[in-house]
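Taking the form predicted alone, here's one chain by itself in structure tokens.
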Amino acid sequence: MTELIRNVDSPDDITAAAAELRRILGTTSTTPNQILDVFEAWCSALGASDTADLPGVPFLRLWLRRNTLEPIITKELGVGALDGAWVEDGRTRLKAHPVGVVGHWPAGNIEIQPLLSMTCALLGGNTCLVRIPKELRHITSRLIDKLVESDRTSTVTCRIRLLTFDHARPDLQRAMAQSVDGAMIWGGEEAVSEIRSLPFPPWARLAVFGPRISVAAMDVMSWSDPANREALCRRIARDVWQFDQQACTSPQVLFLETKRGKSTGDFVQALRSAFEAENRAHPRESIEGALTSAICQARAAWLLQDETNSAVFPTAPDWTILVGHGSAIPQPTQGRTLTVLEVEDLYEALARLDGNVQTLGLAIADPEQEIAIASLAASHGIDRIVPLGRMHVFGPPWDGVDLIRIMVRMVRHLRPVE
């Protein structure tokens, strides 16, 4: 296990780790360009056969590339920020400075989330104190070992401390909160509420990414077009399979706009074929008993709820397609369980959405209609509107906010009139 991940058992351990990071902040500095050099090398190392196929690694590698991050840094921090330069704006100069020590509380259900969160703060010049959920320790260690291998000058590794401790230890949670200048908090309602209640310093900047769900929608021209049907179904399956449908970006419901006389039967069969193909390509390695039970109960409850409902699924709990009518979103089951809801009016269905929905995946044939639907979704609290197949692509804004600038102080220097 890499030395970068430490087991801690006392508040003093956390305080000491934060003190190390604060000392490094005071004695060393780094630019986004230097960080990007390390990230590029890390990206290449993750492509090795022992890590390339780990859950989430393809997305992590896409994020770490310079051609992904350079435009984001320039957009959020300004031209010249890549080299840590002041940005001229008339008599005013602006320069990005780190917030300081940034604490990260990732959720335990997304394998790469501790690292994604950490990279956002590092690009702002911060140091990072990251709590690694125990269920993610093994995979995090494997991915971090590739960073250690790539970062020969310790440009990045010296600026991070990865800690594991029992989430039920309030003394350790308090010590971590008291030690940071900023925090990036991810997870479910209970976890987020507990962490937000911790005694952070009054100046600490908090970025909270709480529990939300995502949905997809297709107009009748898209799903009924035989020429594009298979490709669209493959994209939906890909979005459902990633992160085992546990991410806030995972589609739980697919709204299908229907017209009188148009049967969705052929589309559902194409979707079934796409799910079967995805399952062959990425079979489930294991499944918890509780999830198996939830999937079986969801199947039975759906079929008993309404005689017009139908479902398609294999004998095993590998995947499930529930088909029905209406715009009410059922309680998500996850575990690759997609509810397909036929609606007569797509606008009416989407108008019922609220801020609990994070991402809307779309396949709309008419560009003008897509713009109208995107505007409607945005006005109802949805932060990301993307094509099907790209629901998980990580990039700012995320939950409506920038990912790098949120943990940066933009220092303003107003020069005197000459």
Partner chain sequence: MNALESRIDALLAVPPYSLSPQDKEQVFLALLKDELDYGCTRSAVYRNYVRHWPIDPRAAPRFADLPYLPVSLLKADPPFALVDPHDIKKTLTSSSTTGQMPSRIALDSPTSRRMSKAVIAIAQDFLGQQRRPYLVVDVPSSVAQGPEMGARGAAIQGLMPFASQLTYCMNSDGDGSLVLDRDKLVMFAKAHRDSPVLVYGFTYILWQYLVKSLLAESISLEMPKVHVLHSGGWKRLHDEAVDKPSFNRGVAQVFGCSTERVIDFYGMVENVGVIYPDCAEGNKHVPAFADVIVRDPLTLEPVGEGKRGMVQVCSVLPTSFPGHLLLTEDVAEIVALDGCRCGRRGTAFRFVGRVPRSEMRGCSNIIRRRELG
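Small disclaimer: the values here were computed from a predicted structure and weren't measured. Residue numbers count along the first chain shown, from 1.
Keep in mind that the form predicted together with its partner chain is not shown, yet the notes after this line are about it.
Listed residues 188, 265, 71, 226 were compared with its partner chain in the model of the complex; 188 is the one with a heavy atom within 4.5 Å. Distance criterion of 4.5 Å from any heavy atom to its partner chain in the model of the complex singles out 292 from the list 292, 153, 92, 197.
The stretch from 124-132, 295-303, 138-146, 165-173 that comes within 4.5 Å of its partner chain in the model of the complex, counting heavy atoms only, is 295-303. Looking at residue 77, you'd find every heavy atom of it more than 4.5 angstroms from its partner chain in the model of the complex. Its partner chain is not shown here, and in the model of the complex it never comes within 4.5 Å of any heavy atom of residue 269. Its partner chain in the model of the complex comes within 4.5 Å of no heavy atom belonging to residue 47. Interface membership of residue 318, defined by any non-hydrogen atom within 4.5 Å of its partner chain in the model of the complex, is confirmed. Along 351-365, a non-hydrogen atom within 4.5 Å of its partner chain in the model of the complex is carried by 354, 355, 356, in order along the sequence.
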